[in-house]
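We begin with a single chain expressed as structure tokens, specifically the form predicted alone.
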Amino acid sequence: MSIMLDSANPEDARRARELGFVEDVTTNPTLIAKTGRPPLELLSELVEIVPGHVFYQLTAPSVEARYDQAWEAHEIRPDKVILKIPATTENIAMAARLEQHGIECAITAIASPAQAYLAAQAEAAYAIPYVNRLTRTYGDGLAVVRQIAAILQGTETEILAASLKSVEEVVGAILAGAQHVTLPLELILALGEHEFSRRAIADFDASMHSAKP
């Protein structure tokens, strides 16, 4: 079970690494575009910042072009790059080809248990549902995660829950069966905070001050 940083910003990656419990980074085309930098140049920097993996999404316009793009990204750091491949039948078939060459793949934008089932058949390392987006579109993204967890039980494909917008949604995704979550930096930081804990710390501090001779 792991917490991953969902960002393409190298400074976010450095801050997350300093926390000591975040090793992996997930990116997507939107996050990369926000940096204004060439995608592969950014990927080359991110793999040097974090100790774990960097997830990089394929965007070329055809299957064969995406296949070539996959190799180009993989060769930057074969031990650290995981390819994100959007969930379609032809893309999942391409992922199966890549996995046969030892290239780790994550099937992303999964919206149904059927797609997760195909991801497992392709031996993809991860299935990525967009939880909050599914909730906004269909009503209950966490229910989809629970169904995917049931489908993937006993397989090597693990659930990486994305599009999480609150601490409660993060906890809900884990309880629904997600082995991993990917979060923006501000949400990672929010996980360790709670009003009760702050009040307790204040009470302890007050007690210590009152106990001084």
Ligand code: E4P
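The numbering used is simple: start at 1 and walk along the sequence shown. Computed from a prediction, not measured in an experiment: that's the story for all the values here.
What comes next is about the form predicted together with ligand E4P, which does not appear here.
Per the 4.5 Å heavy atom criterion, ligand E4P in the predicted bound form is contacted by stretch 131-139, the sole one of 131-139, 111-119, 92-100, 68-76. Proximity to ligand E4P in the predicted bound form, defined as a heavy atom within 4.5 Å, singles out one entry of L58, L46, I159, A162, which is A162. When you look in the predicted bound form, the only residue of V144, L187, L31, I174 with a non-hydrogen atom within 4.5 Å of ligand E4P is L31.
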